[in-house]
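Presented as structure tokens, the chain that follows is alone, the form predicted alone.
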């Protein structure tokens, strides 16, 4: 993504305290127009409090937040006209149909009836709910409710969409549908999407950049590749190679390859440390020496591993937050 693209969300020194507890601590962040940005961290890290401050639902203790040049504190109504907010549990009237819920949202936003009806039809079709629009929302699955949530947000045609845990509790097929919708909204319509989530794998699939949040602080920000490079231990690459048959002979062969620093073996799994990416050489060497390749993948570029390394680097392996962080990472492995 071009660095020259304008920043549509600008946050400086944003802080929120509840008594002696600091939920968000001096947050600085810029999100560019048309970008999908993932705000990542365990429960209690401060993600939801940040989104609430951006949407004017709670006031910051200190700092500023602007969306499209509008002050989120001083101009909350103007911000709400520009921003669509989708909470983790979208609130609909269960005894009303999907279509009726969207009509209610249209009325709240002052849309003329004819325009609202046309937009409802288009959004039901776009979200794959055209056959369920006249069913009561109480019969909807979690995935259907989330897709209706997207339609609900799009009723007012927002420039910026803030989503809190949008993929939580959705089955794989519903997940794919929702992620496709999110990407379309950003890439085809140039909307800015800010996603607060702890679903690491989903974030890695669709986000242009991610921010890692812990105890109210943003400890790192960038693309997954940039964060992996920043935390790469000893500037080495780590590659996992799985073959059949597995033996110590291949381990010795791999150790002699140019650029290899270390080789570890556990059953049919070899972990190779190297000075650069030598995946092609590893595959070629294994095949040439009579081994069948089962899998080959770089290690350390997954968000769960990046997240773990950042906390180790920052000295968070002890203290009261450590158990929560480890549970957060283990759930996403």
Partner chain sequence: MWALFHKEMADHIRSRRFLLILALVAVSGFASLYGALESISSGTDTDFVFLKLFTSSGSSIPSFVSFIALLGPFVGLALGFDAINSEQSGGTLNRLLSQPIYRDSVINGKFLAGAAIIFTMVFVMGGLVSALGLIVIGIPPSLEEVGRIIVFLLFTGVYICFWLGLSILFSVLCRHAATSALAVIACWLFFTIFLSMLAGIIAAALFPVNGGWEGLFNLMDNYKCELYLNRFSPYYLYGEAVTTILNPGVRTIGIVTNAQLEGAVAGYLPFGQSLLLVWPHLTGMAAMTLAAFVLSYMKFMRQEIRSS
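Just so it is clear, the structure is predicted and the values come from calculations on it, not from any experiment. Numbering follows the first chain given and starts at 1.
What comes next is about the form predicted together with the partner chain, which does not appear here.
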item: Exercise: residue 282 in contact with the partner chain in the predicted complex, heavy atom 4.5 Å; value: no
item: In the predicted complex, residue 52 touching the partner chain (heavy atom, 4.5 Å); value: yes
item: Residue contact check: residue 114 to the partner chain in the predicted complex, 4.5 Å heavy atom; value: no
item: Close approach of residue 104 to the partner chain in the predicted complex, 4.5 Å, heavy atom; value: yes
item: Position in contact with the partner chain when the complex is considered in the predicted complex, options 198, 99, 156, 209, heavy atoms within 4.5 Å; value: 156
item: Answer option from 289, 64, 30, 58, heavy atom within 4.5 Å of the partner chain in the predicted complex; value: 58
item: Residue stretch of 91-99, 255-263, 116-124, 181-189 approaching the partner chain in the predicted complex, non-hydrogen atom distance within 4.5 Å; value: 91-99
item: Heavy atom contacts to the partner chain in the predicted complex at 4.5 Å, residues of 20-43 in sequence order; value: none
